[in-house]
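As structure tokens, one chain now follows by itself in the form predicted alone.
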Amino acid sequence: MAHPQIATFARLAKGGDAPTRTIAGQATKLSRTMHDIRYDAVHDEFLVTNPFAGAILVFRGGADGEEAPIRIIQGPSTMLESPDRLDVDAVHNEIFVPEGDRILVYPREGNGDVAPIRMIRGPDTQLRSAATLSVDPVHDLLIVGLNKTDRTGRAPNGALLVFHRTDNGNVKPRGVIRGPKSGIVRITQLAINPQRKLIVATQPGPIEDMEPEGAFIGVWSMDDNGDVAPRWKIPTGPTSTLKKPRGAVLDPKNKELIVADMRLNAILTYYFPEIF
């Protein structure tokens, strides 16, 4: 039986290369479901959610072995129910968490039973099944990806919503990317390049399909609005080898896009200079 762990690999690792270190054990307070890890390069910390414990865990960047988090946000005042993904704004010292019909914002250095400092919620927000997000501290924008909004996930009801970073309460998004041209069924993770104002989103297709047709990685502008096709697209298939992309992160220094594929159970790296 596999145990919950976070494995760290060399950037040029390939094939069956072993991790350089792993974080695992009871003291880490990790659970078996970890769908998002965000690294804060400014403070050399990384953040991960524990949905079963309703918690946000913060580790030092060099954590190794059975090492405890340096901070934990957890408790009734947090309003966290089952946090699955998050992002950290190291410039403004804030943590953002999507939870279905709302976005919760916490102080980055919060520890313990910490109440949100802001919350986006209400009918005007169009938040339904908010699954992932990314913060752009350069342009003060917040990008939110919606997961499926019907039971099958086959209707193109997913979307990308663009808010102002400091939005609070029942606010309308400043931009909505949704519709058949967008190809979005549901979004599971985002990465952004603030310098180019670009959004990179994983679109893994219907949740029940193991190798869904039409799944892809799409790239949009933060200024796009309406039924807009992606500016760049990496489709599944023999050329890309993608089958069901779920996670994405950018490496600007090396102009690379790193993708987690849940069907392949693998990490794939693409040289993608056009988006940098």
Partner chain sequence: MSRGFRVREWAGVISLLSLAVAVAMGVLFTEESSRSELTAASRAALRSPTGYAQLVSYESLSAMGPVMRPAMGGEMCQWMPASTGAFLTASLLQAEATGSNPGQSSGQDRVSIDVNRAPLRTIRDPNPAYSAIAVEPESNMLVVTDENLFQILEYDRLDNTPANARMTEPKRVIGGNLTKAEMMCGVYIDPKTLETYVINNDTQDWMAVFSKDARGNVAPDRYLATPHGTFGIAVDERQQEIFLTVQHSNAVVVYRKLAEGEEAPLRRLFGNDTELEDPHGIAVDTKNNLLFVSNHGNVRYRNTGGEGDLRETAAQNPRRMRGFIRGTGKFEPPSITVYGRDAEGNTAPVRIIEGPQTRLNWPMHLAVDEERGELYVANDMDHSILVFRTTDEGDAAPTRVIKGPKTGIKNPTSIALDLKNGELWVANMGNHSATAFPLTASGDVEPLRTIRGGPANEASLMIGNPGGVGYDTKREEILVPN
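Remember, it's a predicted structure, so these values are computed and weren't measured experimentally. Residue numbers count along the first chain shown, from 1.
As for the form predicted in complex with its partner chain, it is not shown, yet the points below apply to it.
J.: So which of G122, P137, G179, G112 gets a non-hydrogen atom within 4.5 Å of its partner chain in the predicted bound form?
T.: Contact residue from the list: P137.
J.: Taking its partner chain in the predicted bound form as the reference, which of T78, S129, N157, Q126 has a non-hydrogen atom within 4.5 Å?
T.: Contact with its partner chain in the predicted bound form is made by T78 alone.
J.: Since only the chain is shown here, I'm wondering whether V91 would be in contact with its partner chain in the predicted bound form (any heavy atom pair within 4.5 Å).
T.: Contact check for V91: yes, within 4.5 Å of its partner chain in the predicted bound form.
J.: Classify I72 as contacting or not contacting its partner chain in the predicted bound form by the rule of any non-hydrogen atom within 4.5 angstroms, answering yes or no.
T.: Residue-level check for I72: yes, a contact with its partner chain.
J.: Would you check, heavy atoms only and a 4.5 Å threshold, whether A68 touches its partner chain in the predicted bound form?
T.: No, no contact at 4.5 Å.
J.: Do V58 and its partner chain share at least one heavy atom pair within 4.5 Å in the predicted bound form?
T.: No - in the predicted bound form, heavy atoms of V58 and its partner chain never come within 4.5 Å of each other.
J.: From first to last in sequence, which residues of 207-223 have any non-hydrogen atom within 4.5 angstroms of its partner chain in the predicted bound form?
T.: If the 4.5 Å heavy-atom criterion is applied to its partner chain in the predicted bound form, 207-223 yields I207, E208, M210, E211, W220, M222, D223.
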